[in-house]
Every structure is written in C-alpha cells, then in structure tokens.
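Before any questions on how it binds or moves, here is one chain, the form predicted alone, in structure tokens.
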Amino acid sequence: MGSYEYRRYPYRRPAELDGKNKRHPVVIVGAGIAGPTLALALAARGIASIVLDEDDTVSFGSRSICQAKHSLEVWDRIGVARRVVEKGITWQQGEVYLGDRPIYHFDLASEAGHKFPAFVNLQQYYVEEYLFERCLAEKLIELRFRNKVVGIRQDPESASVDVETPDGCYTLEAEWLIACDGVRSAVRHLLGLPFPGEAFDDQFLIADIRLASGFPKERRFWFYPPFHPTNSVLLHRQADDVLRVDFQLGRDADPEEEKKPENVDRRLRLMFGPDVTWTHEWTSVYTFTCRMMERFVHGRAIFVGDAAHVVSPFGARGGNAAVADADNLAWKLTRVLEGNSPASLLDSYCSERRAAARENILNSTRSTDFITPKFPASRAFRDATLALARDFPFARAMVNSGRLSVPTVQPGSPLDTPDGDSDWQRGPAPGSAMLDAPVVHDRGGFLIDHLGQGFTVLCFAANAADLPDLPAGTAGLMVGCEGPAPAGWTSLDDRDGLLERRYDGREGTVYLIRPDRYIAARWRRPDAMAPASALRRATGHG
C-alpha cells in the first residue's frame, strides 16, 4: 500500500482464560464500521459491550468510501464525524457523461442549512481507525483483537460464544449477541442460517491511485467513454490525493490478468494521457450480490449490516445502511436491557431494517440493471435513454448511474402513530427521518445538536401555556416561544425560518422524534394524552 500506514492493534489476554467469567450484556462480533458504531452508540447510553474481531488491523483497501450525511449525523453523536469531515473530500455534485460529452449535472444538496454535507469521501480504513480510537478510549467498551468466534449456543436468556485466541479458547456469555461480521458472517454460518439473494456476473476493476489532480470535488460517471469505449467508468476523489477509478469489465474478463499492474496502467494511461504519473494504492476485481436474511433477529442473536443484507455498490448504500442499522438497534437494545421496554421491541428492528434493506436492494438492483443490462432489449433501451438525456429532461430522470444513499423511509412501522390530520402540506411524516435546520442557541447551531439519546418533543408555539405536557423521559424543544423556557424545555430561535418551513411549523404543531431521529408522530394541536400515548407505542408498549 502507499499513503496509508496500517497499525497493528495489540492482542490482550482475555480474563476468561484465567477463570474470570461473567455474563456480559452485549457481545458484538466484527469490528468493521457497524460493530464499533453500535458499541459507541450503546456506550453513550451507559451500556457496556465487548467487541470481538479475528483481525488486528483495519480493513485492507479503501472499500466503502462514500460516507453519507445521515451516517455523519450518527457519528456526530459519538465523537467521530468531525474527523471524518476534516480528513475527507466533501462533495455534493456530480456529472454524467455519454462518450466524452456531459449529459447532465446534478446537485444532491440544493438547499442550504444542514450541519453536514450530502457526502464525504473517505477511505474505510480511516473511518475504522477513528472508530477504533474512540472505542479504545471508552471505558464501557472492550475491543478484543485476534479473538475469533468458532462456536455459538443459545438458550432463552443468553448466548454462549466459543472464542479462539493465540492463548487458547474460552467461552463468553452474553445476554445479546450482535453479528456485525460482514457478508461472510461466521455467526450466520455457525447458526446455519440462509442468506438468499441474487448474484451478478459482471466484473469491475477498482484502481485506487495516488495522483494530485485538478478534478473537481464531484462524482463523475461515464457511459462509453473514448478511453473505455465498451463499458462504463466511475471516478471519485478521496483523501491523500487518492483517486478511485472503477472500470466495468464485463462478464468474460480474466480477473487475474486485469489486476496485473501493466494492464491497470494501460487502462489508466488511456484515461489520463501519456504524461501523467501515479502510484498504485489498491487494486481489486469484484463481482457482487444482493442478499437479505429472512429475519434479522434469531433468538438472542441479532444481525447488523452486511451480515444481514448486502447490496450492489452503486449508490453507496452498503456501509451507510450498516450505520443506520446500528443507530436503529442501539436505543431499542438499551431500553430492553434496562427493562424499560419488552424484548418484543427488537422485532421492530427486524421489520424496519428489513424494509430499509428491501428499499436499498430495489434501488441498487435498478442501478445495476441500467449500468449492466442483461438482455439486448435492455441495452437498446439504456442506449436510447442516454442518447435522449442530453436534450430532454424526461430522459435524464431515467438515467441510473446509482441512486445515492439517503435515509430510507419506514412506512407502516408498528412504532409510529399515523397522522390524524389531513392538512399537512409538507414536513417529515411518521416513518421518515427528521430534517435538520439552523437554529440559534449557545449549545449548538443546528437542530440535530439538540437531539439527545432519548425521545424529543418538538413544538412550534408562541406561548409557554400552549406547550403540551412532556411525557416522562422526553426532552422538549420549543420554537418561537416568548419568555423563559419551562422545566424540561429548551428554547430555539428559528434563525432563517427553515425549521418552520421544513416542518410545516404552524402554531401548535408538535412532533415526537425518536432517538434514531425518525419521526414517531406529529400533530397540529395534540390533546393532552396524545404525546404520552404515542411514546408508549413508540417504545413497544402497544
């Protein structure tokens, strides 16, 4: 490798090898992106965990590089987002080409007033490094390297995990076992669980090269470019002057031949010209699958990220979906462990995140079918769409080079209270992610700075007398209210009017926002019991 120096994290002898056994609340298997994110989200709520990983370093190669706004918002709560943004390449625009001519340009963040950008490109090894450092500094997290899971047993109250280390094997007992160990999940294999889905035959070459370039900070996608006239090419900038170039090779390419440096250089020379020099960072030839488990909760074992579902890489939906899984699970698992919600609350993790996985798989499969058409008729449709797209806006909407990751919608969740009013013109509905906006307050300049680890009531009211009663355990945010804030409430000034606009915040409007920043309920003027009733429903109590 070139620019990144891989650190080996120390192995430490587990206490269980010396007979110090106890049941742990949570054991997490896998230290990629999902596992440490979940461990930190649990620690922020006071829940201890052990994270097991059979390796002792971060992922090899840049891998998942597009870190989406909703992931940055999750990482902001656990002290990682700032480093990701500072190190990475911020972008929100892109260009799609046919041949050497642009078809159209797009902007992912057409409206200002969000704390985080649409995307930051940063190699996965940096993200994992920052997550590891936060975990190692957290007293409630024990990160165990070179600890490989080789056996699992379950009973109604716990899971037992057999772990292999350089010093021998031991058994670890946990109330809940969380599998964050990727597409080849050892936990899934040891439990004998199926992973149905579809495999795709097309092959792609990733060539990460270090090259100081004048390319703008945007995503570029070519169909039939002159330097690769038979297929497509994708270009992203990364940190450390690294470029990600992704060549579509087709089904019949020889992956070992394609990975040879002289063949990679031949393709790059056609793209960049004879006088440009670069160094190689990482090269890989890949195919991909779209798969999803039938259930994400099996007894005391819960599956997260690629261990539960995997999508094609078009749209940056894999790693970002894993972060969203962890965010969804963390608050629910905390409530169950603390006895504040029944274990059946975890069924909603399964239903909500399966719905999200279905949405991601549908979008990524549609992108795959457009980029790699399987039949002559599909290719003819694709090529006709591309030919029309430069001049006709209707055709541009059908060009699909990857529908980029945004928070998924969770319609019909058993935790949500459906709208009782019919006059909503806009604003996030139950099952949708909350919308950020700038505010004025000495504790933070954006709405997301004021959403804590629990439920939040957001109210638009001119007078404190019009505020609803806060259900026990919730925090209140009032917007536009004159005078001092009552107990439990924080007063926010809607600096640019975007909060009122994005939430359709007429006088008396109230939202109940979940800990994972999804909308649980909304009202124009709720009756006295409505927020408490919606909270009971949102926490699994009926």
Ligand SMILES: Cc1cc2nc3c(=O)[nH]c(=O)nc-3n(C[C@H](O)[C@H](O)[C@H](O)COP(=O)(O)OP(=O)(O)OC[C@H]3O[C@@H](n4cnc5c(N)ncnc54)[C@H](O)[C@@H]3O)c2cc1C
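Bear in mind the structure is a predicted one, so any value in this text is a computation, not a measurement. Numbering starts at 1 and follows the sequence shown.
Not on display, but discussed next: the form predicted in complex with this ligand.
With this ligand left out of view, the stretch that reaches within 4.5 Å of it through heavy atoms in the predicted complex is, among 493-501, 59-67, 478-486, 513-521, 59-67.
In the predicted complex, this ligand sits within 4.5 Å of a heavy atom of D181. Of the heavy atoms in V149, some are within 4.5 Å of this ligand in the predicted complex. A residue is said to contact a partner when one of its heavy atoms sits within 4.5 Å of a partner heavy atom; S432 fails this definition for this ligand in the predicted complex, lying far away. When this ligand is considered in the predicted complex, A34 lines it closely, a heavy atom lying within 4.5 Å. When this ligand is considered in the predicted complex, only one residue from L177, A330, V304, V127 comes within 4.5 Å through any heavy atom, namely V304. Checked against this ligand in the predicted complex, the residues A316, A118, A389, V74 give one hit for a heavy atom within 4.5 Å, which is A316.
Contact with this ligand in the predicted complex holds for none of V96, R210 and G402, as no heavy atom of theirs lies within 4.5 Å.
Interface residues of 46-65, taken as those with a heavy atom within 4.5 Å of this ligand in the predicted complex (partner not displayed): L52, D53, E54, D55, R63, S64, I65, in sequence order.
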